[in-house]
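What follows is a single chain, given as structure tokens, in the form predicted alone.
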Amino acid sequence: MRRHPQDRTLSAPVTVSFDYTRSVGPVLGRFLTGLRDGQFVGARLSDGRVVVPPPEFDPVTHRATADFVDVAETGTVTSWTWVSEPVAGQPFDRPFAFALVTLDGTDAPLLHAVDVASPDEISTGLKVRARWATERTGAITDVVFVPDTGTAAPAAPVAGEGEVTGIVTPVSLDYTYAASPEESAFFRGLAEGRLVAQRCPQCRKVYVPPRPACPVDGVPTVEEIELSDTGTVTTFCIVNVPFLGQKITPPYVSAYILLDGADIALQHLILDIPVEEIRMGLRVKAVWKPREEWGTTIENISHFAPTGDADADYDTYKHHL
């Protein structure tokens, strides 16, 4: 984390990402299969209009779409906007246009990217043609539009069998997290190998990580104290299911640990013990990473491990469950 120039709080870039997998059904599956094969597939609706992509249900009769038609790969720009600063995940990493393109023989436009170098190269009424990717998987990114020069090579065949039944869409959210002054003190303490907490001046509860105000009394928690890195397991979860980005091979344990002197439990990993031996009341101690690997993060603590001491008495932690 880095220090904020105005209030000396810490901030850091954060990325939350995962691959979203979904089934597409027979209608969208047919459209995506067409893209993989280098062909636009549309639908003829009950009122005679031809649209692409095909809707799953006719907007007039509400019946399932059943009349599919192959559509030309040429069309006309009916509206457009210029993208001067592309962002991650867009079709190009250079300026381009998004446009509504009405493909020849259809009655409704398709929103997609047009590969042009400047706004001077696109206009309403411009004739465009599909440019197909050499490697296609059955996704809308298999194709972009370019100005139609009258000549174009047909889409190269790709190896694909059967209908496209599902898609995987990467989802990513990038933002900057700004820690509160209290959290910043906690993170700076971690960089020094200390666990910093704050105490409510009214109810005397000790919070770690610190909070700007006591949730019980609503008053600022201004008294800073340092806690031991030893505590008690109050509750835990055995993780048996693997997932994308997992750093530890299951099974392993994620637990709430009540540090000695604290009134709120801290979540962390419990290792160095068989998962079947994990239990409430187990006494554990932080295992710190080598000093040269420390930053301003809770990951300075690799995990917690058993101390070998007798289990804590239930009465000492039952109020924190």
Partner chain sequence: MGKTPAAVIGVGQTHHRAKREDVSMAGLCREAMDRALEDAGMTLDEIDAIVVGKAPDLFEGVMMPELYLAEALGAVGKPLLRVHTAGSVGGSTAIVAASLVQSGVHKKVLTVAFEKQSESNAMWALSVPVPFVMPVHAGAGGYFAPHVRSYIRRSGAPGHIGAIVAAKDRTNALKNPYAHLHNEGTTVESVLASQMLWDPIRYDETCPSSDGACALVIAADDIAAVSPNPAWIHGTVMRSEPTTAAERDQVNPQAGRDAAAALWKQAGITSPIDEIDAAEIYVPFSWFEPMWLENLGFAEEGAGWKLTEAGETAMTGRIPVNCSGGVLSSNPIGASGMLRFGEAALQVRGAAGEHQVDGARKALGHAYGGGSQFFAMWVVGADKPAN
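Computed from a prediction, not measured in an experiment: that's the story for all the values here. Numbering follows the first chain given and starts at 1.
A second form of this protein, the form predicted together with the partner chain, is not displayed here; the remarks below concern that form.
The partner chain in the predicted complex comes within 4.5 Å of a heavy atom belonging to Phe236. For Val158, no non-hydrogen atom is located within 4.5 Å of the partner chain in the predicted complex, even though that partner is not displayed.
The partner chain in the predicted complex comes within 4.5 Å of a heavy atom belonging to Phe57. Mapping the unseen interface onto this chain, Ser302 counts among the residues with a heavy atom inside 4.5 Å of the partner chain in the predicted complex.
Only one segment in the set 88-96, 72-80, 122-130, 176-184 has residues whose heavy atoms sit within 4.5 Å of the partner chain in the predicted complex; it is 176-184. If you take 257-276 and check each residue for a heavy atom within 4.5 Å of the partner chain in the predicted complex, you get Asp263, Ile264, Gln267, His268, Leu269, in sequence order.
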